[in-house]
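Quick heads-up: it's one chain on its own, the form predicted alone, in structure tokens.
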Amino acid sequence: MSGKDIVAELMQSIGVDPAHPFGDDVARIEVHENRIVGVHLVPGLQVDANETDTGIDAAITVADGARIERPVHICFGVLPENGIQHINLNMRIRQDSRASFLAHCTFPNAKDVQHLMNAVIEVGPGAHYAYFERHVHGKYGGVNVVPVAKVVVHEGAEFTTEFELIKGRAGRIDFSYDTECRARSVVEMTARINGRETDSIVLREKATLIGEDARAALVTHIALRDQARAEIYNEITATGDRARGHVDCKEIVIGEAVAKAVPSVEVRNPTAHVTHEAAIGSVDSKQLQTLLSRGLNEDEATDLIVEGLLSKKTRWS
């Protein structure tokens, strides 16, 4: 297929009308397997990308002081049942710039697909960077998703990331983010994942608050059914003066699913403060009975409760 045809199929798989995907004021990057099939840039955004045997190497830079008004759209996809996509990403958000990215990772037919990402992310002083990653998987659970990121958030910068997989089988997810938070920086990392059948989910998120008045929140909401399993490791270490952090992990287990949460907080400065909250259990019986009394059956009521756990209105909605 031509690059244009592949882009159209990728857009269709994520629910975007291929005939009217985005306006000219929206920057876009589309990658299928190891092919760069579409690029459209806007002022202030630079992309240098090269195809490799199994994926791409890409350097993305937002220029000093740039204000990119519309979210940059990135689409990584593998449309066949089998394939590998290895992304090496170097992301630089320069000083006092502001940008947000909406990334769709789509594998609608996957039976044996590897999606691997190694990212180095630097958010410059005073910059604001948001990255929302929405996964679209098929019904077979044949996706192995392994993203690894090292992040540095400089003085006065803000970094927000959200990982969402709600529809389709999760397959196997092994996720690792390690973030260094400098003075007066603000970091929020959120993951919302729905697992079922034999899905396996392992999340490791770490924030090190080394700067004065640094802030970090790690939020994880997971719903598991059938024989799905999840292990969540959230870690915050505070060494900076007046640093503040919070870990929030909530997991619902249904059927034979198994969930494990390991929140870890460490404070090495008497003026710092870090808290954690972890809750694992079945569907709340009071919520369930309330919905049953309103005419829903048990499956419908359970689905609604899970949807409430995983839903969150964001700037992307």
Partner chain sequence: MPVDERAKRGITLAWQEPARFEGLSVHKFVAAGAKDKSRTRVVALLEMLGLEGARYIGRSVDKTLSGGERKRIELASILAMEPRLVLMDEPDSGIDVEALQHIFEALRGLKQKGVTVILITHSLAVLEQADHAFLICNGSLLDKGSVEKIGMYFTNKCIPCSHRNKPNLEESKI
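Keep in mind that this is a model prediction, so the values were computed, not measured. Positions refer to the first chain, counted from 1.
The same protein also exists as the form predicted in complex with the partner chain; that form is not shown, yet it is the one meant from here on.
Interface membership of residue 267, defined by any non-hydrogen atom within 4.5 Å of the partner chain in the model of the complex, is ruled out.
Taking non-hydrogen atoms only, residue 50 never approaches the partner chain to within 4.5 angstroms in the model of the complex. Proximity of residue 14 to the partner chain in the model of the complex falls outside the 4.5 Å heavy atom cutoff. Looking at residue 18, you'd find every heavy atom of it more than 4.5 angstroms from the partner chain in the model of the complex.
For the options 46, 271, 290, 282, the residue carrying a heavy atom within 4.5 angstroms of the partner chain in the model of the complex is 290. Site annotation in the model of the complex: the residue of 225, 206, 182, 221 reaching within 4.5 Å of the partner chain with a heavy atom is 221. Applying a 4.5 Å heavy atom cutoff to the partner chain in the model of the complex picks out 289, 290, 291, 292, 293, 294, 295, 296, 297, 304, 305, 307, 308 from 289-308, in order along the sequence.
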